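Next up is one chain by itself, shown in structure tokens, the form predicted alone.
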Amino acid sequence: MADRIGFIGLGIMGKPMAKNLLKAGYSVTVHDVVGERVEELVLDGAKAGQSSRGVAQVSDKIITMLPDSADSERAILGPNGVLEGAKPGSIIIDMSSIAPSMSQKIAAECSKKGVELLDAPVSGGEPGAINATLAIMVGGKQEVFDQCSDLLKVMGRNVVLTGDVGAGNITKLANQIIVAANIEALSEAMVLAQKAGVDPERVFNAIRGGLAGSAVMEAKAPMMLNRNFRAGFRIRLHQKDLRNVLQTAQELNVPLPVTALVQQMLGSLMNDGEGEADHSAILHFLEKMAHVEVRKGG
């Protein structure tokens, strides 16, 4: 517990993750571009860092939790970034969901300074971040992972080293393919039931225990039925993830036709102003095409 932890990025996921580290007794220094978020964590016992560089200067392990590849690159490699303040032997844990090639680029630059990097994206949305039940997919060296395993288990229930640097984000991309396709398929099923005059809630209760049942269905069907699309994971972030999926697939010459279709649906919803809605709002795309609204009672 003697390790000093830095945490950069206090958004919808990062803030509760940092709070769980504080609850576990870690000394945490935080930084975010939104000052109010830093102030909230300070009230919970964190120290305030004035910059990514400043956080790294007073930390042994530095966690970044940022929206996209460019954000991680800027925060870690950019001016006044983490690498400028990190000491040889420090460990950066980038828990952002970014392109695997960017994780590898960042790791290569870190190694020149004797700094280690793990890419460790997460799945589980805001509820998982709050309840410390995230799935954490890690890429990096075994010995570095072993040094960080206890720390990661404070934030997640399932922490797995999947390979070298970049493997964590490959695993996250695979996860996002499955989640997106499941939500889209669930949306189709709910719309079909509604159009046929069958209560979608009864359909959900009938099929949830069978082969179609899934964690995605358990999380997202109640949101659809209650017309609750408050973001646990935003459409714009899932669209970004699928963009990274398709970019990586192109580099590897892997066709992903269903993923490409769902990514277009997400893009359409963003054009309709739904980028900040939960990704369960994929339902709206299907409802619009079928001229129907899913609701309890059929």
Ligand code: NAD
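These figures come from a predicted structure and were not determined experimentally. In this text, residue numbers run from 1 along the sequence as written.
Beyond the structure shown, there is the form predicted together with nicotinamide-adenine-dinucleotide, which is absent from this document and is the topic of what follows.
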property	result
Interface residue in the predicted bound form among D71, D164, D199, E188, criterion: non-hydrogen atom within 4.5 angstroms of nicotinamide-adenine-dinucleotide	D71
Partner-contacting position among M65, A56, I235, V262 - heavy atom within 4.5 Å of nicotinamide-adenine-dinucleotide in the predicted bound form	M65
Touches nicotinamide-adenine-dinucleotide in the predicted bound form: I12 (any heavy atom, 4.5 Å)	yes
Distance check, V34 to nicotinamide-adenine-dinucleotide in the predicted bound form, heavy atom within 4.5 Å	yes
nicotinamide-adenine-dinucleotide contact at E126 in the predicted bound form, heavy atom, 4.5 Å	yes
Any non-hydrogen atom of K240 within 4.5 angstroms of nicotinamide-adenine-dinucleotide in the predicted bound form	yes
Residue stretch of 188-196, 155-163, 141-149, 94-102 approaching nicotinamide-adenine-dinucleotide in the predicted bound form, non-hydrogen atom distance within 4.5 Å	94-102
